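Below are two forms of the same protein chain, given as structure tokens: structure 1, then structure 2.
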Structure 1
């Protein structure tokens, strides 16, 4: 018998898929990379290729007070909106996840509606509604507007984690004699903690990046960073915008790393490998 050696042929479909995925992510990352590169340019205008590297535009960012004051205000609004979303969204998510009513899914869809609505339309509606309530253009109005768009992230993540975990632990605690608040504090809250943390940080990211809602409530004391960046770019176009954009990107990446660390996603990925 003559032995025959089978030659393994390369899987052209798998190779094509890998090439497509790499090209797709490169296409998505290219604008961010370009912005980061331009933030270190020494030129007073955007040109390619960059001849010299400098930190002058980061210094300009620090010296330009509207950038720093609006960044601080945006962070305050993001934290406030996330806290309000937690206080409202966690009870709502738990109630809807536990409910056996046929209307629970409809209510959940209604609470997630801000995700599918045009932000400009939502901003106009909130402006009219909050003005009718007597709040007008104020810091409270900005916080409430950002809470509306942040709330769905809390509800969705908490409900998903709670449904996946099941109610067996709560039922066991109840059988062992724990009261309603004891069950909530010692069983339910730790069980959905990952969903709360992930939803809160995603809510903060959405708030920091929100322009349409913030634009309608912009005023001398209520300008968020995206509004100031838009106004700055309308008057002058220099790499200082790239510097503040890079700073905003770094903040977003840090928050996403915090989500990964606190929710244990790195352990799940490690186990799958």
Structure 2
């Protein structure tokens, strides 16, 4: 504590820092808050200032079929990619967390590598590759593409939780005569359940917001919500886009609150990308 300094006079440096912190968070929240406000406006264009409030843009959002059908498709893709990621990612995370192999670190780096790739590159590359394989523009292609990006999130959270939890409980169960599968079902899985859920929800949020991969696979029945929103935003400038954005955010915040309840945010943000 630098007590002797702050007792003598008001700490101008700290006051300046606090003012800056407020300004910074205002900057961070401003574009989000303004969209939420506009979603309740009554005007046909996004003009300032707002004079009347209404729910007409939420009505428009519900009536505009592409929004609703693409939202449904986006949710399906997010869930499918998360499930696929859990099926192949959880065994990988568990193995890596406890492996003594000197290759474990290299394998982990490889499995997390999709996070470092520019998404648009992945999108282009996957489109030509999957077309060559005969999958082309299909629902399966979108799910496969999103899984490539979801997988690292699952592996990272599950591995982090499993490393933290230590191995004494599993050893105790084994000493007490539990078989391998029994240990897995009754000890290991419950220990990492929160990590799986947190990773899955985070992966779904990333998937819901993904445009660069989905964009290349856009077709009559493979349009995800961000693809439809981008098209809408480029052609119309009315606040319907604000209403659907706000709805999407509400969904995301609810999911985030679930994660926070389950594990605490530090599991997610405490790690490096």
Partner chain sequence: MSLAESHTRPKRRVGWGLQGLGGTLPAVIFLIAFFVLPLVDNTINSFENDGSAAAIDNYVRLFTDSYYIEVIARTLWVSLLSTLICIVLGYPIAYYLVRHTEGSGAFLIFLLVAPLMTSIIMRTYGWQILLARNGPISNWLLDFGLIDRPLATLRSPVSVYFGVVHILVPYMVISIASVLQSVDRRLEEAALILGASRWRAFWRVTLPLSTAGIVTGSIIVFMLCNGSFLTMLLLGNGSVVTLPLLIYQQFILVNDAGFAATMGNVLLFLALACLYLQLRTVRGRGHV
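Only the largest set of C-alpha atoms that superpose within 1.5 Å between the two forms is called the rigid core. Because the structure is predicted, anything quoted here is derived from the model rather than measured. Residue numbers count along the first chain shown, from 1.
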query	finding
Correct structure when looking for the form predicted alone	1
Is_shifted residue 253 between structure 1 and structure 2 (CA, 2 Å cut-off, rigid core)	no
For residue 17, CA displacement between structure 1 and structure 2 after the core is overlaid, in Å	4.2
